[in-house]
Each structure stands twice: as C-alpha cells, then as structure tokens.
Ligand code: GLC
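The chain below stands alone and is given as structure tokens, in the form predicted alone.
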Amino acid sequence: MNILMAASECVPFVKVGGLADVVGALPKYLAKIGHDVRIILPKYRKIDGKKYDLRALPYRLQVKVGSDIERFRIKYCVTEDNVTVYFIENMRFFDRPDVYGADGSDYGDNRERYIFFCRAVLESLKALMFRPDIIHCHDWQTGLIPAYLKTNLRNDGFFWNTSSVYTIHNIAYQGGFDADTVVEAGFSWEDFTVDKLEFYNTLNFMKCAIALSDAVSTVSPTYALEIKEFNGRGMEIVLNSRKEDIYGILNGIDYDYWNPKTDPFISKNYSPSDLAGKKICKAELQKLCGFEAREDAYLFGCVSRLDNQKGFDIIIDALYSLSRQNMQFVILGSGDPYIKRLLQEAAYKLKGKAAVFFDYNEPLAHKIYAGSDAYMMPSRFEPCGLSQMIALKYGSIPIVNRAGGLSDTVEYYNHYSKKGNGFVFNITYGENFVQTILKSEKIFRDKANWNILMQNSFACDFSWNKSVESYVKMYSDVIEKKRRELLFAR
C-alpha cells in the first residue's frame, strides 16, 4: 500500500505530546512489512533543517486561504528507517517560536494555519506525483483533508483511488471555529450541512473528519467506547452515526528506543534478570533532584503535559498529604502556567521531598522512568497514554485512574494471585489516589512481592508489531470498501 501520514507533530522533528510519538513510530513499522509510507508535516521553526539534512524540492506551490494566495515550498529528508518525510515550508504560518501557541494561549490564526496545511498537503501530493491508497490524518489539525476529498476534490481523478482514515488522539481538542470558516477554507455553502461540515452552526475540523473520512480510529479500545457513550465532548451523536467504521487500536511503544537494556540516556543499563543498574539509576535521580539518596525511599516519577486532564490537582494534593511519609516525588512537564506555579510552590515548600522540572527534556525523561520506583498517572481521561507503557518497560510501577487506555494496559496487582502490573483507582467511584499510593507502599516494603510485580511489568508487550496488524486491517477494509464503491459506480 501507498500510505501518507499527515500530522502536525512527529518525533524526532517536533514534539508537543504523544501524537508525535505515534506518528514517528507507526510509519517505521509499516515500512518494515513492505508498505510505502511517507510523512508530511509543517516546517516549524523548531525543526532544525541542518540537523536533519532537509533538502528543498524544486517546486514553488500555492494554495488559497480565504482571499489570500499562500505560497510554499516542500523540503524533505529520509529517516534511517527509510521513511521519506516532507515538510511544508511557509514563513507566515510556521516560522514562529512555538508550535500551537505561546504563553499558554493558542495562536489567534490557528484556523488559517491549518486550513493552509490541509490544502498544502493535497497540493503537494500532485507535485510529488505520489498517489496514496490511504491518507492517514491525525487530530484536528488535519481534519479538513478528508472533507476536501469528499467535497471539492470528489471528482478529481488524481485522488480517484485515495481513501482517508482519521485518528482521534484526544477528543478534547477539536478545532471548532465560526461558520465563516466555510469561506476561508474554500468550501461551498452547499456542503455546510449536518451530514458534512456543519456542527451546531460552526465548522469543526474534527467533526468534518469524523463525518467524511472513510474510517475513524482512536488510540485504545476502551477510549473508543468512552467517546461514543459519555466522553465524546459533544461528538457522541456524530461518532454513533459512524459506529460501524470506528476502530479502537491501542498505541504501541517503540522498544528500540524505550529499552533500559540499551538506553543511552541512563547512567547504568539494566534488564529483568539484572536489576543492579536500576538501583544506580535511582540513586542518580535522587542526587539530581536534591533528595537524600536512600534506597528505602519510595520514589515516584511523572513525565507529562501540564494540563487539568492529567490530574495535576490530584497530584499536588498528594504531594502535601504524603509529605511526612518516606516518599519522594519528581515531575517533568510543560504546559499550563497556573499548574506550573502550583508545582513550583509545592517544590519550594517540600524541598527534599518534591522536585519539578519544566520544558521538554528527553534525557531527563529517560532518567525519571529508569530511576523511579512508581509512576503517577491519575488522568481524568486518557485516550491511550504512552507513559504508563514506557514506565512498565522500565520497571516503574504505574498508579493510574481507570480511564481510557489506562484501563487497557494496567491491571491491579493482586498479592495473593501474583497477577497484575500496577495499581488502579477510580475517580468516578470516589476512590482516592492517596489511599491507593499508601496501599502500593505496603507492596513496595514487601520486597518479595515487589520483585514479582516488577517482573510482571517487564513481561508486558505493547510493541508496535501488534498494533500495526490492526492498522493494516483497517487500511485493507477501507481499500476494499473503496474498490466496491468504484465497481458499483461503473
């Protein structure tokens, strides 16, 4: 199959959240089994052209955004996994310090920026003469691509055999704008209908994609059920109108990158059969945080976007509630300035017990996974969550709220049956994060049980090899559906 991944983030080039990890890993594993997979991204200022040896293609292209003509170039590179990555370069929209916004606020022209990107993606394919069987779109920033294919471009022969699939990574971010976006995006008012573009008299990028893509996926089976039933942020009716075309596919982890046996960022590598290195990693992390280097201190890690979704009010309450316990807490994150201030205040008051670090720091993230005993993830909702899967690989035991992909990956440890890989509480039922931590501490102090729990965590397999099979099936279903439609049309 010819597959194009269209997204606003992708590691290693640019990362804001877990979307970047997925877009960076999935193509690699699809390419391994013989598919021609390519990626297309905006060329943000943050993407270092020299570092990644970006080369300009000779095309000078343009698209309309509202009444304006926006010109752009295409740059490209080929990754070590032989995946070609294209970059849409436009100084007006993408030559900025940050990706989506600054100082906790979105850029005021994000509507125009991603209208441009969606149109530029489709125009670029014609210049490149790359005809995808599948355009795989990710999150709201690419949501207009399926809409263009089903409206403005429905009679364009270049895309006659092209289908679109759309992945919802987080339904809380939808890209909803005023109805005049119809004109700005170049659609016809005839398509501003409930079954196509209209959503309560607005144009919502995500709704357009759900309604008009050939299939919709989200990043865990439980989250697929949740968003259809009670956590769809207003999209429940739209999702249920497509319920036969919705796939819940659990994200995978790239174990070539996240592996304590080979991780170059940690001070001492280790494995399930030799845990001496983990003790060294813990001592190094304690030193880095200004903690007393005590092996018997119960050390918690958290690497996260600073957002209310992630339950930081619950975490901050726990820091104060547990400050007299033999516990230590380290948090790495960036995002909401208010949460950042609260964490800074907590770290100041609880010096020696809590440490916080801000902004994106990949080496430190690895040190936290490797050096922590347990991993905090009390998210109020979590489409999939990659952090708990990474933590399991590093033997850092996750303590999570029962939501979304956390339900699909973390099972409460039963010290009688010796089954399970973490600890789970349920906010909905009034269960308490602090009490769950205290229960987990009893297991931590029981070294025989804790070692069994760690071995259970190491044994978990969330590799992309398993997830890719599900994606290939979805693509194949969509292509077969398109084939039948074309046969019927004849």
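Just count from 1 along the sequence shown to find any residue number. Just so you know, these numbers come straight off a predicted model, no measurement behind them.
Keep in mind that the form predicted in complex with alpha-D-glucopyranose is not shown, yet the notes after this line are about it.
- alpha-D-glucopyranose is not drawn, but in the predicted complex it has a heavy atom within 4.5 Å of residue 305.
- In the predicted complex, alpha-D-glucopyranose lies within 4.5 Å of some heavy atom of residue 383.
- Mapping the unseen interface onto this chain, residue 19 counts among the residues with a heavy atom inside 4.5 Å of alpha-D-glucopyranose in the predicted complex.
- In the predicted complex, alpha-D-glucopyranose lies farther than 4.5 Å from every heavy atom of residue 400.
- Shown here without its partner, the chain carries 169, 251 and 309, all of which come within 4.5 Å of alpha-D-glucopyranose in the predicted complex through at least one heavy atom.
- The stretch in contact with alpha-D-glucopyranose in the predicted complex, judged by heavy atoms within 4.5 Å, is 383-391, chosen from 383-391, 259-267, 149-157, 321-329.
- With the partner omitted from this view, the residue of 118, 281, 219, 206 that lies near alpha-D-glucopyranose in the predicted complex is 219 [heavy atom within 4.5 Å].
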